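Just one chain is shown here, as structure tokens, and it is the form predicted on its own.
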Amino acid sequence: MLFRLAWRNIWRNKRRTLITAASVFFAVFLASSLACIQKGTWDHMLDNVVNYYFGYVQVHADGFWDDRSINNLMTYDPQDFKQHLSDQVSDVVPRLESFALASVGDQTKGVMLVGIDPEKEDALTSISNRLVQGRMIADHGLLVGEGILENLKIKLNDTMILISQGYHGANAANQYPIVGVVHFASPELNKQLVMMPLAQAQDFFGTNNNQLTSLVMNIQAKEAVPEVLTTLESSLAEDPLEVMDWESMMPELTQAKALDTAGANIMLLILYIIISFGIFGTILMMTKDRAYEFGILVSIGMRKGKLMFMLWLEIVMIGLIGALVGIGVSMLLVKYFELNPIKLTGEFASAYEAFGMEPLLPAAFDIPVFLFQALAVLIITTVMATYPAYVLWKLKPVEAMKN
């Protein structure tokens, strides 16, 4: 009965109900859309930077990440290392990486040269899916980023000369054919990454077969990162190795995300304040206009507790009408931009590329984001409903009917 009365009451003044519901609709719509676009953008950035190369967790020789020196190597025994792994690690991807000077004709460019195990690397970063020309490397040859070909004005099957410093100051120089061209979503990787088979890289730098610069953990799900990190840190505590997650390896990315999240939270707070004032204005008018009605209802025996509950239902219904419509419309918009990301151009695109990110603004269709908006409106309406509850608690029927 109270639900039916509350539903009828909110439509006694349709204009007031629709105006209040509209304010809730626009706030929820903007909050949901912005939150989903922000989440989609950061998920996309992490996919570009983390999944495409760095991985979520890496193990290096102590101090390697600070100097990136080829002399700071770790010794890797696959069988021995297995005892340190969590069940969440599906495989360990070995790498030998350093910097080199790439030369073709009279064109030169500094590159990041990485020796990889092609099969394991492909399982982690799906390189084969990003091949735009040629084939995957096997036991000889180079995979180069698409941007390097443009800068050096070379093409597939050309020979590239690589010059670098080998292990313990040895000379490292050789020439290799380009057997494959890869497009990385990260523009930074696209312009500087060169890959070769691990054995070929060890021969080039003059290292032993069991010497590496880094091990990347191929983790089954990113939610398992804390568990993997804790397991490795505890089991490798006595070894001269450093265990780092993606946040430690790329602090600038973490800081940028924290700053962006803080700005978005401020925007959400402003929107919620707007919702609160809109609902509270409706409550003030409703309480004042219906004082005579409340006085009569209390006089004929209706309990104040039931009357408070009915008013709370009315306020919540108005809020949920606006929230549900806002969530429904934002779901359609978010789904569209999830399938058709916004492509940035100009200065915005350059700013995104500076972080090694493809200049796109995708949206993440994340149900918890929408549910959070409904919960936020429910909490706001419940808090706002304390005012009419207080008025009803102090209500004197005779005075209310006189006024």
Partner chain sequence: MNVIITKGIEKTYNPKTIPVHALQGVDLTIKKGEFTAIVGPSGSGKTTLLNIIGGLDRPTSGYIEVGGKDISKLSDNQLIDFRRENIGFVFQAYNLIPVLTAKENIEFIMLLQGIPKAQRDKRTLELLHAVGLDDKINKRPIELSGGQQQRVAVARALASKPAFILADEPTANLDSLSTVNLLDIMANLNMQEHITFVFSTHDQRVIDRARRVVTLEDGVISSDVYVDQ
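Residue numbers count along the first chain shown, from 1. The structure displayed is predicted, hence computed values, not measured ones.
Not pictured, yet referred to below: the form predicted in complex with the partner chain.
Listed residues S235, Q211, S299, S276 were compared with the partner chain in the model of the complex; S299 is the one with a heavy atom within 4.5 Å. Site annotation in the model of the complex: the residue of F99, F309, Y292, F81 reaching within 4.5 Å of the partner chain with a heavy atom is Y292. At the 4.5 Å threshold, heavy atoms of K304 reach the partner chain in the model of the complex.
Residue contact with the partner chain in the model of the complex: S23 places no heavy atom within 4.5 Å of it. Contact annotation for R12: at least one heavy atom lies within 4.5 Å of the partner chain in the model of the complex. Counting a residue when any of its non-hydrogen atoms is within 4.5 Å of the partner chain in the model of the complex, there are no hits in 244 to 272.
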